[in-house]
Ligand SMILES: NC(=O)c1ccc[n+]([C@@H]2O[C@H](COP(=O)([O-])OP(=O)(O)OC[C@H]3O[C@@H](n4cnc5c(N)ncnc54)[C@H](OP(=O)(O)O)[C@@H]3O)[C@@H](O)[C@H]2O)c1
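Taking the form predicted on its own, here's one chain by itself in C-alpha cells.
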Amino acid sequence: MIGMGESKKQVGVLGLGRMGAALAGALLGAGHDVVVWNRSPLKAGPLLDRGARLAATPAEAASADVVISCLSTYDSQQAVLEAASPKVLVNLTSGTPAQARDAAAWASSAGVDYVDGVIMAVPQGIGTAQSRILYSGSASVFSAQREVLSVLGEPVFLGEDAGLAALYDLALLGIMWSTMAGYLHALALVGTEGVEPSTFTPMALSWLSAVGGFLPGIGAQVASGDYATDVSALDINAAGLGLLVETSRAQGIGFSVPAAVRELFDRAVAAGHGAHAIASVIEEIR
C-alpha cells in the first residue's frame, strides 16, 4: 500500500494479457488509481472487481498521469499508442533494441515523455522481491516515475540509450535459453541409462554454481583481449565436445545442442586459438 510520503497516482495500463493484468493488479494492490484498456474488455473483469476502471478507448486510459504499455508486439502497439497520445509512457512491450529506439524517436516527435523497460520475471512474480525490471531511455522520466515502477519490481536503470534494456533482456535470455537447452540435453543423455531428473538435477545445480564462478574471469579476459591460460585450453574443450557429440549419438539421442557449440569451438581452434582460454571463442562470435 502507499505509505507515508508517497503519492497516489493515476496509472493507465494498455494491454491485459497475463503480464499486463499482473502489472495492473500490483498497482491496485499498492493503492494507485488504475484505469485499464484492452481490445477484449472481458479480460478486465477481475481487475474491475478490485477497483480498476475500464477505459473505452486507449486515449481514455492515456489521460492518466503515467501510462504503462504491455502489448503483444511493437507492430500492434504502435497504432494503439498513436491513438492514445499519452503524456508519459513506460513501454514494457517486448521487442528488439531497434524497435525500442524507434518507439523512443516516435515519442520524442509526439511530445511524449518516454522510458523503455523489460520485465525479467514471470507474471506471478510481479510486485514481489523476486521481480526485476530493467529500464533505459529518459533518466528524468525514470526518476519521476520510480515510485510507481518500484511497485512492480526492483527497477534498474541502465542508461539513456532507449535500446539498452531490450539489449540486456535478449543477452540475459540467451544465457537462460542456452543453459536450459544444455540441461535438457543432459537429462536426455543420463536418461538413456535410467537416471531420473530428480536424481541428476541437484548435481546439475551444484555444477552450474561452480560454472557461474568462472564468468568474472572470462569477462576480464574478453575485456583485456589476453586469452592466455594455464588451466584448460580451448583445444581440450573442443575435444571434450567431440566426445559429448559421439556419446550422444551412440546413446541414441539428438546431438544438435553440443554439435553447435563444438562447431563454434572448432572454428576458434582453426583460427589459432587452440592454446588459448575458452574466452577466445568470442573472436568467432563478434
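Note that residue numbering follows the sequence shown and begins at 1. The model shown is predicted, which means the values in this text are computed figures rather than measured ones.
The same protein also exists as the form predicted in complex with the ligand; that form is not shown, yet it is the one meant from here on.
The shortest heavy atom separation between A84 and the ligand in the predicted bound form exceeds 4.5 Å. At least one heavy atom of R18 is located within 4.5 Å of the ligand in the predicted bound form. Residue contact check for A121: one or more of its heavy atoms lie within 4.5 Å of the ligand in the predicted bound form. The ligand is not shown here, and in the predicted bound form it never comes within 4.5 Å of any heavy atom of T96.
Looking at 153 to 161, 108 to 116, 191 to 199, 69 to 77, the stretch with residues near the ligand in the predicted bound form, meaning non-hydrogen atoms within 4.5 angstroms, turns out to be 69 to 77. With the partner removed from view, the residue among A103, L92, L134, L149 that has a non-hydrogen atom within 4.5 Å of the ligand in the predicted bound form turns out to be L92. Applying a 4.5 Å heavy atom cutoff to the ligand in the predicted bound form picks out W37, N38, R39, S40, K43 from 23 to 53, in order along the sequence.
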